[in-house]
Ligand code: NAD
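Given as structure tokens, the chain that follows is alone and in the form predicted on its own.
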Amino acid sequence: MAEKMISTEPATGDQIWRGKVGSVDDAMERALAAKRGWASESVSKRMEFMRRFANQVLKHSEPFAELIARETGKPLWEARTEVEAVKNKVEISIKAYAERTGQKKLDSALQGSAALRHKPHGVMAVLGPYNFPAHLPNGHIVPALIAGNVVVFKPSEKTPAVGEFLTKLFHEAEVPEDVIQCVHGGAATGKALVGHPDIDGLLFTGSAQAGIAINKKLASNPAKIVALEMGGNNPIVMLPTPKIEDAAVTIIQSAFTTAGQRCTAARRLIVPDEIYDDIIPAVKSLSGRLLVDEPFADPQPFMGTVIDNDAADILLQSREALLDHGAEDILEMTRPKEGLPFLTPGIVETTAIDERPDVELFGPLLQVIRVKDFDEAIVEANNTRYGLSASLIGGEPKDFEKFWSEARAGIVNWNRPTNGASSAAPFGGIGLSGNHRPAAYYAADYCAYPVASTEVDQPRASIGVGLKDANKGPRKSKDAHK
């Protein structure tokens, strides 16, 4: 008998979904049977299927957003932006496929022609996260399907209802059910999918710990394409600016949007001494005014819950550990509703900690680090094994040029938040943040492989040197009869 799964609403504790753990073997059998037919469809037809999918997302946008809000705990306004991103991903992916994996042909007279075309990998496994349970897996799925792959998708076990809804929208768009399948389950199901011998690629968004385990598992098989989107210990560096209130807003958007549950969220605010007394009171004051409430509250909150009580417990314990090691509270993180995973924004100064832990604290907890000057700020910004996102707030163009040049990150912004990256640009990081296969606009690169050809309509060839004369025997050496 299949193991049952239950999903509950973080904001209420009420059950939202019940289902069964899926069979990876059954899903793979169906995917293998479907892959040749899907790959043989024309690219234009596969793109048309994706446009039908976008229409289904638009048609069901409000119930889709409500489901995302309920299952993740994020405010309804933010869930609506996620649905919009799912819809917009289609046209962005179509453009990216044409630009990055399009066909080319060069004629060369008697040498025929040279051609470049692309082929799908085959069966792609997609592992989705819980923070953007529709948008982030969709960012792998749509490019993979356009390229001609079939997809076996395992949503996070914390957001199975959204994953199932997303998959059904593809099916309502008449994408064959075996071409995009949703397989529910926890860690064991994910491991079974990663380790299945018949997958041709693994597309992952999640924690560095899980991504490293996947990388180790598949390292001995270079035939399988692996794209890893992982987390970050992202810095914001502050320099003098007359726009202190705007800077404070940018910092808060970076640190506390989605209750800090974004891989691009700012974890560290690095402030030179000369600007500390200007920016920190402004950030503290504005953070204390942020509304934290359930997704459908009126007025709408800035933040909802973190994903569950376990996540809330870990964040509160992490804050206590920082305080025990010498950090000082600037704004206390609290749990306003006992038994539910609501957290208010927390800010701690960790300058006095000699060895600050280089971890991704996935929630609304911002660390402040004081430094002497800009040079020291850049050194501190790079003091991490991660390398996803970094922002400079304030300063002049020459300061940003220096920051851009020296910051180790895949996304480097100026006077903009660390998060909110555009899907029309590549998205990814270095170090523990990724494996040099950026997603978003560059997802086309890992969803198909290039095939180079030289082509002539009839065989035409000759050997111009090194042949014996066809009308004579082999020439004898002068010394042959000596």
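Everything numeric here is computed off the predicted structure, so don't read it as measured data. In case it trips you up, residue 1 is the first one in the sequence shown, and so on.
One more form of this protein, predicted together with this ligand, exists but is not displayed; see below.
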### Listed residue (105, 191, 284, 325) with a non-hydrogen atom within 4.5 angstroms of this ligand in the model of the complex
191
### Task
Using heavy atoms only and a 4.5 Å cut-off, determine which of 175, 378, 146, 136 is in contact with this ligand in the model of the complex.
136
### Query
Which of 368 to 376, 355 to 363, 67 to 75, 96 to 104 has heavy atoms within 4.5 Å of this ligand in the model of the complex?
355 to 363
### Query
When you measure heavy atoms, are 157, 186 and 231 every one within 4.5 angstroms of this ligand in the model of the complex?
yes
### Task
Check whether residue 225 has any heavy atom within 4.5 Å of a heavy atom of this ligand in the model of the complex, and answer yes or no.
no
### Residue contact check: residue 130 to this ligand in the model of the complex, 4.5 Å heavy atom
yes
### Query
Would residue 427 count as touching this ligand in the model of the complex under a 4.5 Å heavy atom rule?
yes
### Message
in the model of the complex, is there a heavy atom of this ligand that lies within 4.5 Å of any heavy atom of residue 240, even though the partner is absent here?
### Response
no
### Message
With this ligand taken in the model of the complex, which residues across 209 to 224 come within 4.5 angstroms through any non-hydrogen atom?
### Response
210, 213, 214
